[in-house]
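Shown here is one chain on its own, the form predicted on its own, set out as structure tokens.
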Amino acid sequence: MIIAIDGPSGAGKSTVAKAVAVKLGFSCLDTGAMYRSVAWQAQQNGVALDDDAALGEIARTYDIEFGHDAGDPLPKRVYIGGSEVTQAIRTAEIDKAVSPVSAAPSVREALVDQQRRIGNAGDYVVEGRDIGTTVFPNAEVKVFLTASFEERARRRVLQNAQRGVGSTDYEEVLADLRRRDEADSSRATSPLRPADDAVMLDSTEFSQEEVVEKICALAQAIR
């Protein structure tokens, strides 16, 4: 079974996806980390973020892998080309770089192939921007998770403070979320939008636990 969770930046997709995976005994695929890894590698290689061909070459030739602890369905480490980038891809600099990279058609094509290969191997919770519309259009459960700009900014500031990376300036984070939404929604290839058959979940007034329970109930209803 595939549970696809789409939505804008800062909606809590990654945290919710991991919690759903643990509760259901699924594996979790963090597609956002894959795009962030390509953005990081592009910076290391001196590749311009608008160079579609060069970005696509990185996505095709650098293997992206996730490290798991024994018996844990959640990835603890991220690697690209053998280099661990778990913390390096969670900086404010990569926050800004990931939207143009994820908009590159050649990057999306290369990473979609990898995502399908991984997800089709078992029961997965997969989160991103176009999972239910493009990557797994036949996913058994599709959710579009969102929240107000203000709530998303508040959560991202708290998250950044807890992990010690990224901006903790509320206004800066809020402006970046608005910028990323515009970029993700207006890109030509696989723009951010709900799948026609997705369940819409606005988590502004819900706790993380309530959102997790709602998604698990959707999955359990069809198993």
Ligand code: DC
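Quick note: we count residues from 1 along the sequence shown, nothing fancier. Since the structure is predicted, the reported quantities are computational estimates derived from the model, not experimental observations.
Below, we turn to the form predicted in complex with the ligand, even though it does not appear here.
Enquirer: Does every residue of 142, 152 and 193 put a non-hydrogen atom within 4.5 angstroms of the ligand in the predicted bound form?
Expert: Per the other structure, none of 142, 152 and 193 touch the ligand.
Enquirer: Give a yes/no on whether residue 9 approaches the ligand to within 4.5 Å in the predicted bound form, heavy atoms considered.
Expert: Looking in the predicted bound form, residue contacts with the ligand include residue 9, since a heavy atom lies within 4.5 Å.
Enquirer: Does residue 98 make contact with the ligand in the predicted bound form, using a 4.5 Å heavy atom cut-off?
Expert: Yes, contact at 4.5 Å.
Enquirer: Can you work out whether residue 131 and the ligand are in contact in the predicted bound form, taking contact to mean some heavy atom pair no more than 4.5 Å apart?
Expert: Answer yes; at least one heavy atom of residue 131 falls within 4.5 Å of the ligand in the predicted bound form.
Enquirer: Can you say which of 45 to 53, 166 to 174, 62 to 70, 179 to 187 gets within 4.5 Å of the ligand in the predicted bound form, counting heavy atoms only?
Expert: That would be stretch 179 to 187.
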